[in-house]
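The chain below stands alone and is given in structure tokens; this is the form predicted on its own.
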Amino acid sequence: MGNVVALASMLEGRQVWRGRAAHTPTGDQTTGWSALDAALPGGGWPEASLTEILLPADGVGELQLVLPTLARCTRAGRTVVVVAPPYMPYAPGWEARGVVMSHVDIVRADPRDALWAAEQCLRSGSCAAVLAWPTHADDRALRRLQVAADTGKALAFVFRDRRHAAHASPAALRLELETQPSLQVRVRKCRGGNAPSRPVPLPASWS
């Protein structure tokens, strides 16, 4: 057998390649929910990307996920666009959460035009975030939104029925809001790391 050489001396002599752990970026796109930020590889929403939020039904508190982000964006004077929401946003409630409604634009569009409108807003480069509720969106349509978000450096949020969870998605982040056994968020897909195996419980203040 050959002579045993101390590993330290081999490292000092640069005879062994030593890799480094990949750095996980932490941008300024915090979700505003510390437990969710801790569960996501980037410490918040993926930059200039599409986030898909799957729901058991409309009106289960899904907008609470994004209101801290909308508040941060609008307080900075950035525009937020809400495309064809199923219910008209309750302005006093949003304002109570810190959203500056003068920087929120609501676009009325029928289902056929909603995806086009959301894509144009994302591509414009003038929006901080765009929210949409597409009823008919295939993989190609969602991919166009992802590309548009990257082009316009905006956050894109689409809210969809959880039945779509069985289908692949081009979204950089995919969340599912669950109401049973308690209100929680399950990370179905996240760019830059593995999705946590357990759901993220939502705080008691969620309402």
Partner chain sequence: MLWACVLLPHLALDGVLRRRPSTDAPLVLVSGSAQARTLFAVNTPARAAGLYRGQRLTAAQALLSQFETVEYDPAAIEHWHRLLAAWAYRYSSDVVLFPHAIVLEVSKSLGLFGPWPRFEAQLREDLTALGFRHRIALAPGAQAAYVLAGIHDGLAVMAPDALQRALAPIALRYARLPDDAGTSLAAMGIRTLGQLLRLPRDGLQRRFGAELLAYLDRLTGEGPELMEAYRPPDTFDLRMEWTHEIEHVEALMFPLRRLIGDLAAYLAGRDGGVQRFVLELEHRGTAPTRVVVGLLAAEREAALLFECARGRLERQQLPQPVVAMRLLARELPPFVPAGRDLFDTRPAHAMPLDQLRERLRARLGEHAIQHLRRTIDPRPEHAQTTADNTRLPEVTETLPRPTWLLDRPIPLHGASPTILAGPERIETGWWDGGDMRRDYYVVRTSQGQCAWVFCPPGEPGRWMLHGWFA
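Positions refer to the first chain, counted from 1. Keep in mind the model is a prediction, meaning the values are calculated, not measured.
Note that the form predicted together with its partner chain isn't included here; everything after this is about it.
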{"property": "Contact label in the predicted bound form: residue 152 to its partner chain, heavy atom within 4.5 Å", "result": "yes"}
{"property": "4.5 Å heavy atom contact, residue 75 to its partner chain in the predicted bound form", "result": "no"}
{"property": "Contact label in the predicted bound form: residue 134 to its partner chain, heavy atom within 4.5 Å", "result": "no"}
{"property": "Residue 58 within 4.5 Å of its partner chain in the predicted bound form, heavy atoms", "result": "yes"}
{"property": "Interface stretch in the predicted bound form with its partner chain - options 45-53, 166-174, 64-72, 32-40, non-hydrogen atom within 4.5 Å", "result": "64-72"}
{"property": "Residues in 161-195 with any heavy atom within 4.5 Å of its partner chain in the predicted bound form", "result": "179, 180"}
